[in-house]
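Read the single chain below, which is given as structure tokens and is the form predicted on its own.
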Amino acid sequence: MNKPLQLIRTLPDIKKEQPALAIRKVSKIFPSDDGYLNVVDNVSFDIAAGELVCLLGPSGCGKTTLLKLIAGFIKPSAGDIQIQDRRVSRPGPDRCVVFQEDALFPWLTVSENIAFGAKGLIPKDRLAAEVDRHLEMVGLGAFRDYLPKEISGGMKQRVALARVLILKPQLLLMDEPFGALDAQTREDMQNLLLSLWEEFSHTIVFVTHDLVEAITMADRILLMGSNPGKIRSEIPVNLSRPRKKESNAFHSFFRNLRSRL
């Protein structure tokens, strides 16, 4: 289903572009039995247009909270989030989220699920063709009339991916989207996402706690620590693409990254 990867962009090339996302001194405090819980504390970073950045860290370090702040699902207690100089104050079609759970509508077919969010955003006379195009992009052209219960977990995540890509978001937010998949399907989905990223230059923020996944996917890794949630390190991944997990360079990078956790 996936075409061979031809990833040739490098981080220095991407960094020359104007930032697509700017996070400035963002904190998020939640009430708790002890008074309050500082989940995200004074976080600042930029992401360039077309960059794929992984937020890496253990469970409970604030990765998903930070993603929800960027999505506009919750508001920061302090600080500012901007997408191309526009302040984030609420959810919007310029930011789309792919979760670990596919959250498909079980009563709609694969094609109907992909079309659902695009109604009203894409003209009616173009919608069917756009749905077909995105079905082919994710390798599901033969499954357009299937219900979610009739396809595998990996296929459901392909549908979830097509459902957001059809909206052409400026920022694609991914919250451990492949975490529930078996190892082979997870690798297939990583390759699919990378091939689409290379073709369409999406700007992606990808949350994971898996070191191998972060090294495989990212231009940069933002390593988070907890209590409170902060960016502890910013690590460029200067390995050539496609990245070979069995290579000495990959293993060396893995050991170095693990030592920083």
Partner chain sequence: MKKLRPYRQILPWIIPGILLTVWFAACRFGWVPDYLLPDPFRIVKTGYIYLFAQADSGPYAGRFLADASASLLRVGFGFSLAVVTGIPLGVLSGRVATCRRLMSATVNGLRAVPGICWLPLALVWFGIGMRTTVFLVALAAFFPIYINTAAGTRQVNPLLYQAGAMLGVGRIRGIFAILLPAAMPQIISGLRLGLGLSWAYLVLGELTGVPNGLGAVIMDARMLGRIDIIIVGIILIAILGRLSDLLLNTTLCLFFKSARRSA
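Given the structure is predicted, the values throughout are model-derived calculations rather than measurements. Positions refer to the first chain, counted from 1.
Another form exists, predicted in complex with its partner chain; not displayed. Remarks below refer to it.
Trainee: Could you check which residue among E187, E101, D80, E130 gets a heavy atom within 4.5 Å of its partner chain in the predicted bound form?
Mentor: The option sitting close enough to the partner is E101.
Trainee: Given that its partner chain is left out here, which of K68, H209, H202, K230 has a heavy atom within 4.5 Å of it in the predicted bound form?
Mentor: Answer to the contact question: K68.
Trainee: Determine whether any heavy atom of A180 comes within 4.5 Å of a heavy atom of its partner chain in the predicted bound form, and answer yes or no.
Mentor: Result no; A180 lies far from its partner chain in the predicted bound form.
Trainee: Considering non-hydrogen atoms and a 4.5 Å limit, does its partner chain approach E136 in the predicted bound form?
Mentor: Flag for E136 set to no.
Trainee: Can you work out whether I151 and its partner chain are in contact in the predicted bound form, taking contact to mean some heavy atom pair no more than 4.5 Å apart?
Mentor: Residue-level check for I151: no, no contact with its partner chain.
Trainee: Heavy atom to heavy atom, is G117 within 4.5 Å of its partner chain in the predicted bound form?
Mentor: Heavy-atom contact with its partner chain at 4.5 Å: present for G117.
Trainee: Counting only non-hydrogen atoms, which stretch in 187 to 195, 80 to 88, 107 to 115, 122 to 130 is within 4.5 Å of its partner chain in the predicted bound form?
Mentor: Result of the contact check: 107 to 115.
Trainee: Quick one: which residues from 160 to 180 get a non-hydrogen atom within 4.5 Å of its partner chain in the predicted bound form?
Mentor: The stretch 160 to 180, when checked against its partner chain in the predicted bound form, contributes R163, V164, L167 at the 4.5 Å heavy-atom cut-off.
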